[in-house]
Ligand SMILES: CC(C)(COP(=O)(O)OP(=O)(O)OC[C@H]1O[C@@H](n2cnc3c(N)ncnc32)[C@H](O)[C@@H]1OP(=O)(O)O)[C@@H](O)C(=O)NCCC(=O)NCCS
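In structure tokens, the next block holds one chain alone, the form predicted alone.
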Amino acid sequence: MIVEISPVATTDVDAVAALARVVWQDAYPGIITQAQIDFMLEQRYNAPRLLQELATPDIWWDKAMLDGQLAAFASTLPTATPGEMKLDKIYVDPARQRHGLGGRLIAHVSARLLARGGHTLILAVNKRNERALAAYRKHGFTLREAVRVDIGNDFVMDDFIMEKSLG
């Protein structure tokens, strides 16, 4: 098993969006409605938005290739708190979960943050996403707070904010 982590390129946009759809259809039914899944996928994974984020220097997009195929990706962006970054997205192909790809992406992002003088990585996770909560706890994240955010279209994100101290 050969894993390579590298920046997401503009040529990867369609593959990232397709993988996001596969992961969301595996993870979120029963947690949020199909209508909210479709709304959030369109909102967060449309090509213009992904291309804009890839062109933004403070937003890091990374991909994990497993034996030459896209298996996982992550995006990280700064928060208003100095030294803190948000792991905004981290998704692993369901067929390739439990092989350490998520952990490798978290380690990669954490190392980059530390190298730039940062000290805290945060993320938001749906309160009912037990698989993700367990994975994040396994990788050293702890609960910071609970939030409920209106995202429009009568949908909300009912999340826990988790954090991992790197220093």
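In this text, all values refer to a predicted model and were calculated from it rather than measured experimentally. Heads up: residue numbers just count along the shown sequence, starting at 1.
Keep in mind that the form predicted together with this ligand is missing from the display, and what follows is about it.
Stretch 126-134 is the answer when you ask which of 126-134, 34-42, 61-69, 107-115 has residues with heavy atoms within 4.5 Å of this ligand in the predicted complex. In the predicted complex, at least one heavy atom of Gly100 sits within 4.5 Å of a heavy atom of this ligand. In the predicted complex, no heavy atom of Val13 sits within 4.5 Å of this ligand.
Residue contact check for Leu19: none of its heavy atoms lie within 4.5 Å of this ligand in the predicted complex. Under a 4.5 angstroms non-hydrogen atom cutoff, this ligand in the predicted complex lacks Met85 among its neighbouring residues. Along 59-92, a non-hydrogen atom within 4.5 Å of this ligand in the predicted complex is carried by Ile90, Tyr91, Val92, in order along the sequence.
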